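Encoded as structure tokens, the following chain is the form predicted on its own, with no partner shown.
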């Protein structure tokens, strides 16, 4: 089974002014495409070549580093594009809102924890909202690692993630990562995050 670069459900300019069209185009057609192509090359001839990406992540410690890096880049970006939407979807609601309140005390406390994880991740990486059994947890990972990986410090199922590699924001925000993270809240598709949550 070959991994394929997903088509976006919105145009490259649809997330402006929060994420500019040029960044989106480069991010999708260059970075994500490279992870996809390199993952296909890396799994060729291995015993995981017919596995789903989630299954590969679960045993990544036993696999070549090229699979870890490119498999993570492939999975992480697939999630990232899906939890972004033009105009956002206001705020979490229903069982997801209840779970956020139960786990963090309030939406504001969750946001504070998530922003801190994103802004303080040294170098390149990701910040996550993950489901860990019946609780929600905020974590971050270096490079293209993610919480599905058996090497992750905090393991769980990602339901929301922000890319804090400079390629995700540098054209528009330069070194102002906190401004990019703040803008991210305007783009979250909370319906998709809720769909990923198993309440």
Partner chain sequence: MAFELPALPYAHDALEPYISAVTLQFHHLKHHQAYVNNVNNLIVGTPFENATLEEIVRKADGGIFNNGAQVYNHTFYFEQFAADGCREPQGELKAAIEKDFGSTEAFKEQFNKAAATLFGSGWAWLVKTADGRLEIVQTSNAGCPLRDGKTPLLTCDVWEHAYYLDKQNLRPKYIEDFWKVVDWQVISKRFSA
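Numbering follows the first chain given and starts at 1. Predicted, not measured: the structure shown is a model, and the values here were computed from it.
The next section is about a form of this same protein that is not shown, the form predicted together with the partner chain.
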Quiz item: Of these, 49, 69, 157, 37, which has a heavy atom no more than 4.5 Å from the partner chain in the model of the complex?
Solution: 69
Quiz prompt | Partner-contacting position among 63, 26, 137, 33 - heavy atom within 4.5 Å of the partner chain in the model of the complex | solution = 26
Quiz item: So, 122, 166 and 175: all three within 4.5 Å of the partner chain in the model of the complex by heavy atoms, or not?
Solution: yes
Quiz prompt | Partner contact for residue 144 in the model of the complex: the partner chain, 4.5 angstroms, heavy atom | solution = yes
Self-check item: in the model of the complex, residue 58 touching the partner chain (heavy atom, 4.5 Å)
Solution: no
Quiz item: Is there a heavy atom of residue 151 lying 4.5 Å or less from a heavy atom of the partner chain in the model of the complex?
Solution: no
Quiz item: Any of the heavy atoms of residue 171 lying within 4.5 Å of the partner chain in the model of the complex?
Solution: yes
Quiz item: Quick one: which of 109 to 117, 122 to 130, 79 to 87, 95 to 103 gets within 4.5 Å of the partner chain in the model of the complex, going by heavy atoms?
Solution: 122 to 130
